[in-house]
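Laid out below as C-alpha cells are two forms of one and the same protein chain, each shown alone and named structure 1 and structure 2.
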Structure 1
C-alpha cells in the first residue's frame, strides 16, 4: 500500500468517525460508539504489553485505580475532572512503576498467574474498603466531566479524542526504534540483551505507559457510566481485553482495534441470546485459535494475497491459461 493510499484511507476513516453520529439520533448507537472508543484504549494499551512477550490479566486493576482515583478526587475533594483524570492516570502509572520491576522478571504462565492474582487482590481490596470505595455497593451519582457531556453524542467525541491520542501514542511507539526493540525482546530476550537492549528497563517503561492508558480509560468509563462498582474491574474484563487481541491478531495494533469493535458489538447483536453468549464467545475464540492463529488480520492478509496472486509470466502459455482458469 502506497503512502498516498494510506493517507486517503486515513482521511476517509477520520471523516466517518466524526460524521456518523450526526446521521442518526439513536442514543443507543451513540452509546455503542462510546464503548468502542473507550474499549479501544484498553485493547491498544494491552497490545503494547503483549508485544513485549507478556500476557497481562491485571489490566482491569489499573483501570480501577484510574476510575477510583478520578472519582474520589472529583467527588470527595471537589476538584475539576481534568485534575481527577490526571490523578487517576498518575495513580495507575505509579502502581505500574512499583510492581513492574518485580513481576516483569517472570515469564510465561508465571507472569499470567501473578497478574491474575494481583488483579483479584485489587478487586477484593476495593470491596473491603467500604469507607473509601463504597465496598461492593460502589459509588453512585458520579458526575460527568462537564454538563455538556450528559449528551451521549457529546461524550462520544470526548472518548474519540482520547482514543485517537491513546492509539496514536501506541502506534508511534511501535513504529519507532523503541518498538523494534520491543519486537526483539518478544522474539528472544537473551539475544536482545546480548545485543545491548536493556530488557527489563524497556519492559517496565512499556508497562507503565500501557497501565497509565488503562487508568485513563477507567477514569473516562467511570464518569460515563455514572456508577462505580468493583464488578466493573473483575478478571473477566482483563480476559476480554486479551481475547480482543487474540481474535483481531496479536501481531498488529490494528488487530487490537478490530477485536475491540468485534467484542463490543457482538454482545449487542446477541442481546436476545443472553444465555448462550458465553458459548458463542468460546466457539469463536476456539475457531480463531484453531483455524486463524493470526486472528482476523492474518486472515485478511491471506485473502489479499490470494486475490493479488498473478500467474507467473515466465511459465509456458498453457500453464498460464490453466492458472487463469
Structure 2
C-alpha cells in the first residue's frame, strides 16, 4: 500500500467510526458499536501479551479487578467515575505487577495452565467474597459514568475514545523499538536476551500495560451494563478474547481487531442460540489451530501471494507464540 492509499483508508475508517451512530436510529446497532469498541480494548491488549509468546487465559480476571475496583469506588465510597476508572485500572495493573514476575518465567504450556487456574481462583474469590462483591448475584444499579451516558450514542463516543487510546497505545508499542524487542523475544528468547534485551522485565512491562487496559475495559463495561456478576469474568470470557486473536491471526494487531468485530457480531446475529454460538466458536478455534494457525491475516496473505503468483520469500513465518519451547 502506498502512503496515499493508506491515508485514504485511514480517513475513511475514521469517518465511519465517528458517524456510525448517526447512520442508523436502531439502538441495537449503537449497542453493538459500544460492544465492539470495548471488546477491541480487551482483544488488542491480550494481543500484546500474545506477542511476547504467552497466551493468557486469565485476561477476564483483570477485567474483573477493573470492574469491581471501579464500581466499588463509585458505589461504596461515593467517589466520581473518573477516580473509579483509575482505581480499577490501577488495581488490575497492581495485580499484574504482583503475579507477572512469577508467571512470566514459565514456558508456554505452564503459563497457559497457570493462567487458566488463576482465572478460576479470581472467579471463585469473587463468588466467595459475598460482603464485598455480592457473590454470585453480583452488583446491580451501577451508575453510568455521567447521566449523559445513559444514551447509547453518547456511550459509544466514550467507548470509541478509550478504544482509540488503547488500540493506539498497543499499535505504538508494537511499532516502536520496544515492539522490535518483543518480536525478538517471541522469535528467540535466549538469543534476544544475549542481544541485550532484558527479557523478563520487558515481558512484565507488557503484561502490566495489557492487564491495566483489560481493567479499564472491565470498568467501562460494568458502568455500561449497569450490572456486574462473576459470570461476566469467567474463563469463557478470557477464552473468547483468545479466540479473537486466534481467528484474526496472532501475528498482527489487525488480527485482534478483526477478531473482535467478528466475535461481537456473530453472537448478536445468533441471539437466542447461545449454545450454538459457543459450538461455532469452538469449531472455529479447532479449525484455525489445526489448519490455519496464522488466522485470517495469514490466509489473506497467502491468497494474495497466490494471486500475484510470485513465490514470496519474505513472507513472515506463521505466528509462533509459545512455540519457543
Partner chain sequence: MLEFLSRLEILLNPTVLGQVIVNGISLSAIYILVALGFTLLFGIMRVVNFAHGEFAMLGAFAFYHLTKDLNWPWMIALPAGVIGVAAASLVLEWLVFRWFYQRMFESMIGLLGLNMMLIYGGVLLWDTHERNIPAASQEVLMVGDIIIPIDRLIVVVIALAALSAFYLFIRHTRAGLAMRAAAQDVETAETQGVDTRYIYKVAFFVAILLAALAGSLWGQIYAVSPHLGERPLMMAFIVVILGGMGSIPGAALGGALLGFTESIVGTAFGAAASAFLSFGVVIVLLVFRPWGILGTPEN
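Predicted model, so just to flag it, every value in this text is computed and none were measured. Numbering follows the first chain given and starts at 1. The term rigid core refers to the most C-alpha atoms you can superpose between the two forms while keeping them within 1.5 Å.
Enquirer: Two copies of the same chain, shown separately. Which of them is the form predicted on its own?
Expert: Structure 1.
Enquirer: Align both forms on the core first, then report whether residue 284 has a C-alpha shift of 2 Å or more between the two structures.
Expert: The answer is yes; the displacement is at least 2 Å.
Enquirer: Superposed on the rigid core, does the Cα of residue 16 end up 2 angstroms or more away between the two structures?
Expert: Where the cores coincide, residue 16 shows only a C-alpha shift between the two structures that is less than 2 Å.
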